[in-house]
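Below you will find one chain, with nothing else, as structure tokens; this is the form predicted on its own, and questions on how it binds or moves follow later.
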């Protein structure tokens, strides 16, 4: 019996890929308006067709799929060259759960609360320099990377931080570029140092050399309170510590999850606040509940991630629909949080919605994914947003242009297409 996939765009995969990369929000909106829920898209992002779901019950079913039948790690296989074989992004089942437990340790309870003053200090230092026209995405990338270098890597010296910063930005610059990412998607092999994959490989090798040198020095001189120090203290059942490659892949997972995605969310926060003077005024009052509402609304209205995919190894039924093996299924984060039937005035930026009325269905607010794959660093990401926005409360922000910024894809995340241009002062 042949299983027919849900309807979707008939445009060639190449055109869908370009729309997926260049105008992701508009593409997803058109797909939903034209074909409903679920819908099937075909891009070079994955080899298989991808079926998008956004209704809460279907999202819940996807998050509960057995990883033996629907592994999530295989959906991110294209990240292997950078993320590495031990990355939580690529693992599934018991291996994934074991890594998740280890990586959650630094970001919960007293340990995470102890990091808040460091984040606040770095945010205040960054925002004190803002005046006139500011491209928030650029500045937030600098800030979130500085936070990672201090908090995660424990890089304290200026020279050490500068070396790591340059290496990280060198590795990420390629995959942030739309032409390069499209070329990497279309030509998925290394054709030498001038090819997209070759250039990326060289940058990753340079980054790895610096990182392994850092690990060797930290093993020789332990003692700081960074996340890296905690990772190096891990021991297995036999009392053995982690290999350098293992720790390296854990650090890269934290970097991938905590740098560009956090910077994108913060950039969207400034883009939204610049167009919402009444929200700025409320933030200046210093109400912690309202600050939390602003963070939640930014993550809802402008999520940094668009999908939480799984690759089907066996046929399954989701929301009453039979789906075959060898397709991707995805909880569409962007659609779930912008459906008019789930959110009143879904397109509006309204933090007040979180302070009045009934709370939303938990499967319709999923900025960090869900189930066992929910981002392990989500508590830290929300704390980071609170501290940055608290530090920004005294700024007066205005948009450079009247029209809101549309979304574009930068590597895995959705960013403001002009970088969140704001006027300060």
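It should be emphasised that the depicted structure is a prediction, and the values quoted were computed from it without experimental measurement. Residue numbers count along the first chain shown, from 1.
The same protein also exists as the form predicted together with a small molecule; that form is not shown, yet it is the one meant from here on.
Chemist: Note which of 150, 96, 339, 165 lies within 4.5 Å of the small molecule in the predicted complex, where distance is taken over heavy atoms; exactly one does.
Modeler: Of the candidates 150, 96, 339, 165, 96 is the one lying within 4.5 Å of the small molecule in the predicted complex.
Chemist: To verify the annotation, which of these, 275, 139, 100, 248, has a non-hydrogen atom within 4.5 Å of the small molecule in the predicted complex?
Modeler: Here the answer is residue option 100.
Chemist: Any chance all of 310, 380 and 384 sit within 4.5 Å of the small molecule in the predicted complex, going by non-hydrogen atoms?
Modeler: Yes, each of 310, 380 and 384 comes within 4.5 Å of the small molecule in the predicted complex.
Chemist: Using a 4.5 Å heavy atom cut-off, indicate which stretch of 280 to 288, 86 to 94, 111 to 119, 209 to 217 touches the small molecule in the predicted complex.
Modeler: Result for this chain: 86 to 94.
Chemist: Is residue 376 part of the interface with the small molecule in the predicted complex - any heavy atom within 4.5 Å?
Modeler: So residue 376 counts as contacting the small molecule.
Chemist: Flag residue 351 as yes or no: does it have a non-hydrogen atom within 4.5 angstroms of any non-hydrogen atom of the small molecule in the predicted complex?
Modeler: Although the small molecule is absent here, residue 351 would stay clear of it in the predicted complex, with no heavy atoms inside 4.5 Å.
Chemist: Even though the small molecule is not shown here, does residue 343 get within 4.5 Å of it in the predicted complex, heavy atoms only?
Modeler: Judged by the heavy-atom cut-off of 4.5 Å, residue 343 is well away from the small molecule in the predicted complex.
Chemist: Does the small molecule come within 4.5 Å of any heavy atom of residue 38 in the predicted complex?
Modeler: Residue 38: no, not in contact with the small molecule in the predicted complex.
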